[in-house]
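Form predicted alone, single chain, as structure tokens, below.
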């Protein structure tokens, strides 16, 4: 009789497990991102690791084009109720995403939907989290964060009689170094420029923040919607005047719009210095090796006598769309939370050059001597960590940011081509931006 009850119990247990398996339907999460090339492979690797270690949840990653593409495709998908659960949006889309009404802040997802009491909301590097923290809460999960650096070719420095361990620190230094690094042939034609720079609005923003200057009013849009552009002040005027003078002098290659031409000029040895994202450290280190050169990195220079504000993070973060069943939102939280773990953060950082976004990942990288062996990554961190904690370095947020950035880029082109003076070009651009801000803000009154 005892054996009978044991067998009966085992059958009941098997039946119970069978029912559980039937009811435990796999939850699928759609993840749209904008990482192409090598970085897409890293993203796919992370997703594969998550799927292998989380039975019951399947994340389907899809490269959906540029950040703008991801945003526009998501808006279209929301209308047809087919929106992905997670989308990667660049930092300048923050205000639009919050205003869109289609997202649930990640802090609400973790606390209210998943009811996760164990998650540490102070785990992030402060300058990174500060950008995405609006209205007292974290709206999106920091993911691929970066800042600009001064990159330079150490080998060219040595050839020009410059100390490769003493990069330029001021605008005045930058101009003098570029003069020495510029090489001309017997006919006077430039064969190597001292510097190059893409006409990319992000650099204008960063050079303003670095001088502790606000880009728009209402504390960069942090204490109220911005209504007036401030980028036409002394900080950006000083930088564009320097840029224009170096181009006119023939020591700075005007690489035009888009970052690819300037990157190629630096990698091919046609230019000795440039500003670029920290995400290019790995690419530039490997690229300069191919031409027999060594890479150096330094903080962004400042005008002499101007105190440093600091750089603001760029890159992108992960947003969650809200209209999904609760079990799918909970699974989404599990995926996002997993991405913040130290092991994943270090893997992401070491394979892409983007910052790890958590404090524990930075400590882990220090213990492995990664920064000692890769000092160019250390430069990026040190520059970020010395930034002042104020509204300027927190970075601007505004609803028309992409159009504002393009307007400033147009102004830069007008200055470099000699069509307008720096002050005139920036004043005209500021007037246009004021109208853009008013139009956008009118939608939310």
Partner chain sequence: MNGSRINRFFPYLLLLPSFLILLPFLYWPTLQSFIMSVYREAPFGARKFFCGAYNYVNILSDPAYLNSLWRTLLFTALVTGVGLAISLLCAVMLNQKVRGAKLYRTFFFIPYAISPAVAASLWVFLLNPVAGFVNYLLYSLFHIQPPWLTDGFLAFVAVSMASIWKDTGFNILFYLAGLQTIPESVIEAGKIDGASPVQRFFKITVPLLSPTTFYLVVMNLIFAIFENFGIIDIMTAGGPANATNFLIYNLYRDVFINFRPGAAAAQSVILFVLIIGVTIAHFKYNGENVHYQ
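All values derive from a computational prediction rather than experimental measurement. Numbering follows the first chain given and starts at 1.
Keep in mind that the form predicted together with its partner chain is missing from the display, and what follows is about it.
The closest heavy atom approach of residue 264 to its partner chain in the predicted bound form falls within 4.5 Å. In the predicted bound form, residue 244 stays away from its partner chain, with no heavy atom inside 4.5 Å.
Proximity of residue 414 to its partner chain in the predicted bound form falls within the 4.5 Å heavy atom cutoff.
In the predicted bound form, its partner chain lies farther than 4.5 Å from every heavy atom of residue 341.
Highlighted residues 189, 254 and 402: every one comes within 4.5 Å of its partner chain in the predicted bound form, counting any heavy atom. The contact residue chosen from 48, 26, 68, 60 relative to its partner chain in the predicted bound form is 68, the criterion being a non-hydrogen atom within 4.5 angstroms. When its partner chain is considered in the predicted bound form, only one residue from 79, 126, 304, 289 comes within 4.5 Å through any heavy atom, namely 79.
Looking at 50-58, 406-414, 35-43, 373-381, the stretch with residues near its partner chain in the predicted bound form, meaning non-hydrogen atoms within 4.5 angstroms, turns out to be 406-414. Residues from 50-77 that approach its partner chain in the predicted bound form with a non-hydrogen atom closer than or equal to 4.5 Å are 68, 71, 72, 74, 75, in the order they occur in the chain.
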